[in-house]
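Below you'll find only one chain, the form predicted alone, shown as structure tokens.
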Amino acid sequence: MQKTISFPHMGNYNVPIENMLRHIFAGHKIMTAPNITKRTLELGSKHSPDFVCVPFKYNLGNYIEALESGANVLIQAGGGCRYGYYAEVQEQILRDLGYKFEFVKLMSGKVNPVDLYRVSKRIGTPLSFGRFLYFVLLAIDMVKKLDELEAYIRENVGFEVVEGSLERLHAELLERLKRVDCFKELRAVYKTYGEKIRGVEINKPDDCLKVGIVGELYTLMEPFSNFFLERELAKSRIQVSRFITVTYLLFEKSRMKKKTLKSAGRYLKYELGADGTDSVEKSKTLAEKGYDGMIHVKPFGCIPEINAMPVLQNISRDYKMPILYFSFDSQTSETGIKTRLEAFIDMITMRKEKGV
């Protein structure tokens, strides 16, 4: 019996995930959840506990829309902080709503290929462990290459001579990555689009406005959840830097833990949990590099990020660098967010002009 397998959105990472699942579960249908809209959040909020963080609501809305579209296998990755409890609670909510499906939690902590293979066999992969591992590694390499090119785009998209060039190439890249079947093909796509993207004519002054974005991983990486914050900054010709990516979270964060805490200096003696320590350390690092401002984003009620905020205030005071705080929930007004962002941009622009 053919299964229809689906998973939630988070930024553009649906592309390497869908590519991996397509190979691993050949013979089954792979369906990314429908694109996130206001309805997604409304559905998730309607059936979620009131005070659960907003990424939970987006995920649940993704699942409901996927089930409505015919999915019968749902995948949850698992993870740190309260995210580690999402799977059990979301599964129970969906079953209480009357949906019939198989719910699969891929991992609870570190990525373990053997455990992932066992889970995949249970779902129905026809592959040997060797072939399974090949496509997992292919997806990992795809994520790394995508993160690298998106970091370049993020820092330059507001300064193209021909407006829209980088966004157009980015969209083409994502479509092409969906069809990659091997490492050789991935390298060729990366080389071709890397050259095209870096070949776009950029007119960026040395003293352009620079803003860093820190905070909780989901609201950083899923643009719909932060009202496309990076795009709004790019419209004002601001260089945007963001460090939290899947590459960082899965392959760099744990081995850099001691270094990150040490780099935070006198601002932290202990880890704050989840992404809180990174928020502090990256803000301090960018302040030392002379960035014009920082934006801190989090879901309403995110404890690690709430703990980071007083420390960020100290950094803001010591380095005289403005920090704008955004807290997102299902009731957050897009108009309110954009109004505050415009005021922040006006402020850092005036400070720059006055040489502050």
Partner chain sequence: MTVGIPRAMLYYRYGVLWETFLKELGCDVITSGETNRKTLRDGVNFSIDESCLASKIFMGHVYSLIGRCDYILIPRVVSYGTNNSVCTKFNAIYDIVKNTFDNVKILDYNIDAKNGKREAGSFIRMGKTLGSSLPKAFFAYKKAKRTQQLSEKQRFETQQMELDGCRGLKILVVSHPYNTYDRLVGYPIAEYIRRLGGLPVYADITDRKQSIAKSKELSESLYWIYNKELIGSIKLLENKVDGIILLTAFPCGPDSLVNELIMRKSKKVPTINIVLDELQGEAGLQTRIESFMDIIRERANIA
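Positions refer to the first chain, counted from 1. Note that the structure is predicted; figures quoted are calculated from it, not measured.
Heads up, the form predicted together with its partner chain isn't pictured, but that's what we're talking about next.
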Margin query: Can you pick out, from E163, E148, E195, E88, the residue that has a heavy atom within 4.5 Å of its partner chain in the model of the complex?
Written below: E88
Check: in the model of the complex, which of the listed residues (G273, G199, P205, P126) lies with a heavy atom within 4.5 Å of its partner chain?
Finding: G273
Notebook entry, point to check: Judged by heavy atoms and a 4.5 Å cut-off, are H47, I306 and V311 together in contact with its partner chain in the model of the complex?
Noted result: yes
Checklist line | Interface membership of E175, its partner chain in the model of the complex, 4.5 Å heavy atom rule | finding: no
Note to self: Given that its partner chain is not shown alongside this chain, does F103 nevertheless sit within 4.5 Å of it in the model of the complex, heavy atom to heavy atom?
What the structure shows: no
Note to self: Taking any heavy atom pair closer than or equal to 4.5 Å as contact, tell me whether E185 reaches its partner chain in the model of the complex.
What the structure shows: no
Notebook entry, point to check: Quick one: does F300 come within 4.5 Å of its partner chain in the model of the complex, counting heavy atoms only?
Noted result: yes
Notebook entry, point to check: Just one stretch in 93 to 101, 237 to 245, 131 to 139, 154 to 162 has heavy atoms within 4.5 Å of its partner chain in the model of the complex, so which one is it?
Noted result: 93 to 101
Notebook entry, point to check: Along 1 to 17, which positions have a non-hydrogen atom within 4.5 Å of its partner chain in the model of the complex?
Noted result: none
